[in-house]
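Okay, so here's just one chain, in structure tokens, the form predicted on its own.
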Amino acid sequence: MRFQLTDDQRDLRGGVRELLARRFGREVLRGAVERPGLDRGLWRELGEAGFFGLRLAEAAGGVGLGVPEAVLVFEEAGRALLPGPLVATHLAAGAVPGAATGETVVTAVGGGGLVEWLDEADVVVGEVSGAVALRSVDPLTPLHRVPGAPAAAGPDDLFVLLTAAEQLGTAVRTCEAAVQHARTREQFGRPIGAFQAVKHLCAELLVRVEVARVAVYAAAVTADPVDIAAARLAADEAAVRGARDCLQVYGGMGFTWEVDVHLCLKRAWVRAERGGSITESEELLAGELLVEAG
């Protein structure tokens, strides 16, 4: 089975990265942190670019691509820390009028009854009666919780996979940030990347990113629930531990509000909860490994 990206897939990824760099660069990101709210103009622009209708048939007004391409697009969204209920709106394309074009913002009840961007959404998938507002750790992800929702209840496999792709993108961002800082920050007359402890942190960041990338890309091709569970676990670890290690590379300044690393960590924490109980994914993967071991 071939997992190398095609030229078209590389062009797609590059085009999305260019769009997000232009429309949601660091200055806009920091502005969104200070003035939270969903940018409807950006949402419609994403719709026009085919972000939400990527897997929708061309005859229905979509782009007509598949899950592997969607994973590449959501990886870039995660790298940019793009806010909003992206996965829910993407999955609603073709079912909810206006979702594919970005005219309609759709959110959904996720793992443990968590609902993102409830107040900004036009349509909610799932029952949210009595939803209670929470104080979100991520300033760019307002949260509600539906009381009484089972803690282990989680969304469908494609929701989990696209969330894993976002986690992968955020892990890529923290790896890039750590390496860049290690190359340019100097202590005792030389870059901190010359010190063995920092080298090890950066190497571990890269290894986790590449392991998660292989797992997410493979799951996008096979669509197997076990592969998706493995991808989810690898991507969550890469995003959360990667952000923590990036903080260590930055040292004391990494914990300040001005440095973006804390935003990556907070987003990764929220997304890890979105997929439902991690124990369920672990047990699914463990069961498959026991079967293979006989």
Partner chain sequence: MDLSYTPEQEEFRARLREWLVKALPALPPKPSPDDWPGRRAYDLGWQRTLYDAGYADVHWDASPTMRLIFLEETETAGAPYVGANFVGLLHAGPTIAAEGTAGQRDRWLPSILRGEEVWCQGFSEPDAGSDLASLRTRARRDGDEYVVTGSKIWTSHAEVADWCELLVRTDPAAPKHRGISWLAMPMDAPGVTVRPLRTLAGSTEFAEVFLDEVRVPVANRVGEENDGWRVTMVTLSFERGTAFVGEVVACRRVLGEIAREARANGRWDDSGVRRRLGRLYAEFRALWRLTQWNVSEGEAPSGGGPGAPGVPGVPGVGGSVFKLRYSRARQELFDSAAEVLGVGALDLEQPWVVDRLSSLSYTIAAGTSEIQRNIVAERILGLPKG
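Numbering follows the first chain given and starts at 1. Only a predicted model underlies this, so the values are computations on that prediction, with no experimental measurement involved.
Missing here is the form predicted together with its partner chain; even so, the following discussion is about that form.
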### Message
Each of L72, R208 and E292 having a non-hydrogen atom within 4.5 Å of its partner chain in the predicted complex: is that the case here?
### Response
yes
## Note on the structure
Exactly one of V137, V128, L158, C202 comes within 4.5 Å of its partner chain in the predicted complex through a heavy atom, and that residue is C202
### Query
Of the residues L42, V259, L65, V226, which one places a heavy atom within 4.5 Å of its partner chain in the predicted complex?
V226
### Query
With the cut-off set at 4.5 Å between non-hydrogen atoms, does T222 touch its partner chain in the predicted complex?
yes
### Query
Heavy atom to heavy atom, is E273 within 4.5 Å of its partner chain in the predicted complex?
no
### Query
Is L263 close enough to its partner chain in the predicted complex to count, meaning some heavy atom within 4.5 Å?
no
### Query
Applying a 4.5 Å heavy atom distance criterion, does E283 contact its partner chain in the predicted complex?
yes
#### Entry: Among 128 to 136, 93 to 101, 214 to 222, 158 to 166, the region lying within 4.5 Å of its partner chain in the predicted complex by heavy atom distance
214 to 222
